[in-house]
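In structure tokens, one chain follows: the form predicted on its own.
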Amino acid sequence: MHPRLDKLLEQLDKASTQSLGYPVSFDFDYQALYPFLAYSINNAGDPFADMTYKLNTYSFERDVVEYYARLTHAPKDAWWGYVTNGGTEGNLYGLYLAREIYPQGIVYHSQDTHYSVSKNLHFLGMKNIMIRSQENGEIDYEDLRETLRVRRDVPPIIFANIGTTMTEARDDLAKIKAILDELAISKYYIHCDAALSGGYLPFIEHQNHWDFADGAHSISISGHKFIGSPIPCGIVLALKENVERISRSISYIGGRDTTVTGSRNGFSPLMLWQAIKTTGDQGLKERAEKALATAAFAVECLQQAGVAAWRNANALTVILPQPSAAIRDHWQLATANGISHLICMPNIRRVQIEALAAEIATEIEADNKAGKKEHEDD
């Protein structure tokens, strides 16, 4: 191997032991799929339609989206989906469908919505209004109600966060639908960004109202987060009747165009399929329970170290006041507005959390001593 590649491999290996702040799992093993890297696999077009290029993994992609359709209670024979390049594409797709149904609609999203959504809204030229967030990151339902009330004549497009970026707060579809019913709004669209949470919520009890059974019209879930993948990927699901509005036949590929991109990565469906088949529902349930237990441990461990750590219910994300730049850099902690977070993905070990807590405790002790000395000098 080239020396530069050797150096990169060494850097990646070291960085992987110090990555606590981002929602990616890398405790995966896809060695069985290495032979497929010898082929240019391209899943262009609709995975539920044939195409003239035969080097594709459509059948595996269908298995993957059918699996997630079951987990998200999609209506039988009335849904559609495909494997995306990640959450941003899935959210773009949901908003695109909403725009085609309600061209004059207004998108409502909370101030804690992922930064990529404003970019998607700009791409699509959609009118939008930002709603206040509660302290935990969840949408402020009172602000949503009042904002909707004065614009009842325009169909609302609700962009619901099923796990915000910094605090993994989840907007409750039952509360949102109750507001729509109260205001007698019958024409609306709800898209759910469930990038991280959607990967494990189906396997835990006491989950929020967030899927098709609760009124979603489309859902985006990331594949490289809870499941884990060396290539960013995701799943988008939508009601079939809405997808049919944008479908068109493409003679060049001998199939239908129903996706955002043209050529699509055909290797990601193989990885997601492999993970689902080898792990199964029970394995994924155990994976979720282990990660949630680690998150609970992290809160306790940090609090014992004198850190005001907390998390939302049934969340893998643990929030804390931002520590020093040195600690944030060492542990790759995502930080915004004075808070940092660590995300207890299935690959995170308790010894890593203990090491982080010890570093912060040492920093707090040093700050206290410095403050005491300054007071004595005064």
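From 1 onward, residues are counted along the sequence shown. Quantities reported herein were computed from a predicted structural model and do not represent experimental measurements.
There is another form of the same protein, the form predicted together with a further copy of the same chain; it is not shown, and what comes next is about it.
- In summary, among the residues 242, 133, 165, 294, the only one with a non-hydrogen atom within 4.5 Å of a further copy of the same chain in the predicted complex is 165.
- Taking a 4.5 Å heavy atom cutoff to a further copy of the same chain in the predicted complex, the contact residue among 264, 109, 191, 170 is 264.
- Put simply, residue 209 is far from a further copy of the same chain in the predicted complex: not one heavy atom of it is within 4.5 Å.
- For residue 231, a non-hydrogen atom is located within 4.5 Å of a further copy of the same chain in the predicted complex, even though that partner is not displayed.
- In the predicted complex, at least one heavy atom of residue 85 sits within 4.5 Å of a heavy atom of a further copy of the same chain.
- Of the heavy atoms in residue 287, none are within 4.5 Å of a further copy of the same chain in the predicted complex.
- Shown alone, this chain has one stretch from 90 to 98, 178 to 186, 299 to 307, 155 to 163 that lies within 4.5 Å of a further copy of the same chain in the predicted complex by heavy atoms: 90 to 98.
- Each of 24, 36 and 336 is positioned with at least one heavy atom within 4.5 Å of a further copy of the same chain in the predicted complex.
- Shown without its partner, the chain has 38, 39, 40, 41, 42, 52, 53, 54, 55, 56, 57, 59, 60 in segment 38 to 61 as residues with a non-hydrogen atom within 4.5 angstroms of a further copy of the same chain in the predicted complex.
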